[in-house]
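This document opens with one chain alone, in structure tokens, the form predicted alone.
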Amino acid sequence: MSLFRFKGFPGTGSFRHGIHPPDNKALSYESKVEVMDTPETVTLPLLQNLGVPCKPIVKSGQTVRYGELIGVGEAFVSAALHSPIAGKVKKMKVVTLPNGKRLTAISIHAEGEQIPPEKLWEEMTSKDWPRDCISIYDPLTIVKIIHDSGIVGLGGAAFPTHVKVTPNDTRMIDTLMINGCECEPYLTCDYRLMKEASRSIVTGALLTGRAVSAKEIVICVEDNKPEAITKLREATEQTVIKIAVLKTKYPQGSEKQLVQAVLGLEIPLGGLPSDVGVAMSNVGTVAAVARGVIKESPLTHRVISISGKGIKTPKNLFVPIGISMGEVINFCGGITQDAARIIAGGPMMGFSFSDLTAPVTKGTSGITVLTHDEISNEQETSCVRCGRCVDACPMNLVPTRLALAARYNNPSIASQYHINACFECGCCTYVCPAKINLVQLIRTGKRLVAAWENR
């Protein structure tokens, strides 16, 4: 019997269904964040967020400074883009991201004097972040700075942060929840950030809380991260912020499951956390908010994990957005001889890719390299209607019905069974004894439904 206890919050500290895959975090858990040098070239796709691409405002041959605005987010659900290096703009190009999207990108070649990236990381890890003067910042000013800084969700979804924190008279926010669960196997970038830069997270949480006028601020961490919990508790002393220590379970970091686990609230099907008075942000995101507001620095760098048994030296790195995946892998010693698959992100929700020229984007949380031994080569067989995928699904969906609807080109059935409520966590595929790639079929089904609805 579990000895887990959850006190001080309305929820139970966990959620219904879900799974317990091996977390494999030991590979990079103790690896302190290392800072990569400024690369010769960065490639910056104009779409690095959920929503609309930004509009480029620089031309080929133009010289830009570090942090200079190079793309404007003209739509509400869009994000600005800034140069992470000083250099000269090269000819626009088209890049393919690991998720298969082909996007126009700005390429910049490093020239002139660079701001040392070590200085940026030292700012992040400083203990001098203010906690007692947050009230001097007007909420709308904070929202504008977040917008102008190009900050998006750094947990993977890359939703423009200013959209989440913009005041809405019809949806009042009671609680701001900061997600530090990092339940995806292998990845440890959020853990290292909580351990090494807890003060910037706390300042960013206070600023974000003021922006949304939240009555409560809660930082949520799974109980497999005791050292991060200790650092956060020290950093939040004499503040209004609470720490919620949750049961380790996948996908605890999903916003619907996290709201249920901490607050005991059910977000309506197809709804958002704001429907129940909650705003959600990632620990890396609020650290970026702190830098944007206090240091007047836009989002140009982020922490990522490079892990897996197929990487020679797993690490956590502070890298400029736009650096190539290949350069990052080479910095970790390259891949091992038995490496079999490279994934952008973690193995549950990430995307396999082979083009190492693909750039790190704002939404890149890490790179996982798996070996042949870690990959199942079992052949797919027929569904035996065992119901394991139903038991595992945290959204209470019927994954087999969704997959069959996609396989047999039936968008009506897929829509009827709420295919768009699936957030592709991979629980169903993980537990399927028939080795059916349910998530891939569901992704196909979503595209079918979108085309069917727009016919």
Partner chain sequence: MSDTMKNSDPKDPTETAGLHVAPSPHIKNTGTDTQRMMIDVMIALLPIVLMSVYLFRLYAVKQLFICVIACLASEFLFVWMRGKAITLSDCSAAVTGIILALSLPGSAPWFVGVLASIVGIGIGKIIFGGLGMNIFNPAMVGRAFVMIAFAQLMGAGSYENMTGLVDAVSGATPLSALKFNGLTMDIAPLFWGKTNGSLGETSTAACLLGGLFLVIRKTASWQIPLSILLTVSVIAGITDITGSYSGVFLVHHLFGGALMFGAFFIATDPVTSPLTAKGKWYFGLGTGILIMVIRLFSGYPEGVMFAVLMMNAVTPLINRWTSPQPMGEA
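Just so you know, these numbers come straight off a predicted model, no measurement behind them. Residue numbers count along the first chain shown, from 1. If you superpose the two forms and keep the largest set of C-alpha atoms that fall within 1.5 Å, you have the rigid core.
There is another form of the same protein, the form predicted together with the partner chain; it is not shown, and what comes next is about it.
The partner chain in the predicted bound form is not approached by Ala279, whose heavy atoms all lie more than 4.5 angstroms from it. In the predicted bound form, the partner chain lies farther than 4.5 Å from every heavy atom of Ser274. Not displayed here, the partner chain is approached by Leu397 to within 4.5 Å at the level of heavy atoms in the predicted bound form. Using a 4.5 Å cutoff between non-hydrogen atoms, Glu378 counts as a contact of the partner chain in the predicted bound form. Figure note: of the listed segments 171-179, 67-75, 292-300, 324-332, the one touching the partner chain in the predicted bound form, with heavy atoms no more than 4.5 Å away, is 324-332. This chain is displayed alone, yet in the predicted bound form one of His109, Lys215, Arg385, Lys127 has a heavy atom within 4.5 Å of the partner chain; that residue is Arg385.
When you look in the predicted bound form, the only residue of Ile343, Ile229, Leu120, Cys220 with a non-hydrogen atom within 4.5 Å of the partner chain is Ile343. Residues Ile335, Thr336, Gln337, Ala339, Ala340, Arg341, Ile342, Ile343, Gly346, Pro347, Met348, Met349, Gly350, Phe351 are the ones in 333-351 with at least one heavy atom within 4.5 Å of the partner chain in the predicted bound form, listed in sequence order. In the core-superposed comparison between the shown form and the other one, Thr444 has its Cα shifted by at least 2 Å.
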